[in-house]
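First, one chain by itself in structure tokens, the form predicted alone.
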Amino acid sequence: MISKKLIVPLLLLLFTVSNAQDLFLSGYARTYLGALTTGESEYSIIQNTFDLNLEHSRGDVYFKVNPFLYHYSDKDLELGFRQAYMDLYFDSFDLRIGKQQIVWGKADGVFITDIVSPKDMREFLLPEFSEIRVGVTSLKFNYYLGSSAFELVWIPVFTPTQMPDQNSIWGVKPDYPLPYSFNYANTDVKDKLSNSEVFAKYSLLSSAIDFELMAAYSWDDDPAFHSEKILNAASGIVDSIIIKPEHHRLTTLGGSFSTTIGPAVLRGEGAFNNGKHFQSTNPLSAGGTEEKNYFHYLLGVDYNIGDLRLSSQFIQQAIMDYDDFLINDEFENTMTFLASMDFLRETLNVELFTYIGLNDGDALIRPKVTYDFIDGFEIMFGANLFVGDEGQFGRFDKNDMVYTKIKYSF
């Protein structure tokens, strides 16, 4: 059933589509079915998606509205807007106002300087990145000077990462030796001017190199999990823990580049982050966390051998002023590999993308085959295979799955 809150937006959308003139309409309908390969082969997801793009321009004004609808077999109907913004074009600058997805950096499958739009992690890293990025209501200003561009983004209201439900197969339960409960009193960031976020970027596009420099004063999209120990009144011994998620301010400085070296493309991206809270077992730490600065960077190379496209990345997160009380490793190392090739006049694509956690020997292996049956209609078969017992990917070892997606685009 569609809730009463959804009826009005749906009627307005249908009215707009039926009455607008010179409106460019595109989108897709998709059925997505996934099944776990462990246990009793239960379904991991049954999802029907309708995604619509409405675009219109008149003179120096352009607008885009991108509503989406998710229908699940075991959840309420989900209706939302990925983007809903207006562009205003001038001689040397433009403005974009409204809800928008903003993509920065050169990384593939990793978020380093790409921190303007928060993430939807309810299904981990499995959806398309156009669906993982969450649109934010913001004002974006772009100024162009020759081959250079300056970009300034102001976000008046904070939007956090969308985390999976604790009962979801993607929910990560805290590793505490004692019973625990959650207190969400400090989770919300109040909607006021002093809590807004600011991002700035300079980019240069030349024949020799493309690079970007960025800075941000923002909130950490992922909450820090502070903890409070509860003592037994009679014995004075700790018998439970209250976990208090809270967002903290981050200051970020970073950049990225890409350049061609012979037949290969070399990419790099890095960021210095000030003010991150990491979980700690230090009995003197306030609330079970310590504030540290850290570097996050990658180096990647893309290479073609005939029709075979190859790509690899090395990613490292390095915590400064490290101490042994921290739960995180001082250096967290990850690699990615991508191999992709088209067949049958580019109607059949075979791809393998892999994350490898070097610290814990874990991995996420993602093979998939996509066949364009006819123009606009494609069928995809794939798998998500988790390897290891620990680490970012090994903790989901029981979530191995196979899936199929049937998609019609118009």
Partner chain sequence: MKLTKIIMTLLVFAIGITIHAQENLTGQKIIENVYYRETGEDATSELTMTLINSRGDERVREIKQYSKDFGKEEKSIMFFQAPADVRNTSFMNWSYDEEGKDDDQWIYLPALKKVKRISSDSKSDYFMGSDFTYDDLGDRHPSEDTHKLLREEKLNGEDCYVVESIPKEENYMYSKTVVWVSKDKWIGLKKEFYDEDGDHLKNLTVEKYDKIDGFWTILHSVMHNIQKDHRTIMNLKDVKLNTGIDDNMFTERMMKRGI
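Numbering follows the first chain given and starts at 1. Computed from a predicted model, the values in this text were never measured in an experiment.
The form predicted in complex with its partner chain is left out here; the points below concern that form.
Chemist: Considering its partner chain in the model of the complex, which of S227, T161, S218, T259 comes within 4.5 Å of it through any heavy atom?
Modeler: The residue from S227, T161, S218, T259 that makes the contact is T259.
Chemist: Between the options V198, L231, V103, V157, which residue brings a heavy atom to within 4.5 Å of its partner chain in the model of the complex?
Modeler: The residue in contact is V103.
Chemist: On the criterion of a non-hydrogen atom at 4.5 angstroms or closer, are S26, Y371 and I374 all touching its partner chain in the model of the complex?
Modeler: Yes, all three are in contact.
Chemist: Which of 276 to 284, 245 to 253, 323 to 331, 301 to 309 has heavy atoms within 4.5 Å of its partner chain in the model of the complex?
Modeler: Careful reading of the contacts points to 301 to 309.
Chemist: Indicate whether L77 is a 4.5 Å heavy atom neighbour of its partner chain in the model of the complex.
Modeler: No, L77 stays farther than 4.5 Å from its partner chain in the model of the complex.
Chemist: Would R58 show up as a contact with its partner chain in the model of the complex if we use heavy atoms at 4.5 Å?
Modeler: No, R58 is distant from the partner.
Chemist: Would you classify G171 as touching its partner chain in the model of the complex, given a 4.5 Å non-hydrogen atom cut-off?
Modeler: Although its partner chain is absent here, G171 would stay clear of it in the model of the complex, with no heavy atoms inside 4.5 Å.
Chemist: Taking the shortest heavy atom distance, is E42 within 4.5 Å of its partner chain in the model of the complex?
Modeler: No - in the model of the complex, heavy atoms of E42 and its partner chain never come within 4.5 Å of each other.
Chemist: Select from 390 to 410 the residues with a non-hydrogen atom within 4.5 Å of its partner chain in the model of the complex and write them out in sequence order.
Modeler: If the 4.5 Å heavy-atom criterion is applied to its partner chain in the model of the complex, 390 to 410 yields S409, F410.
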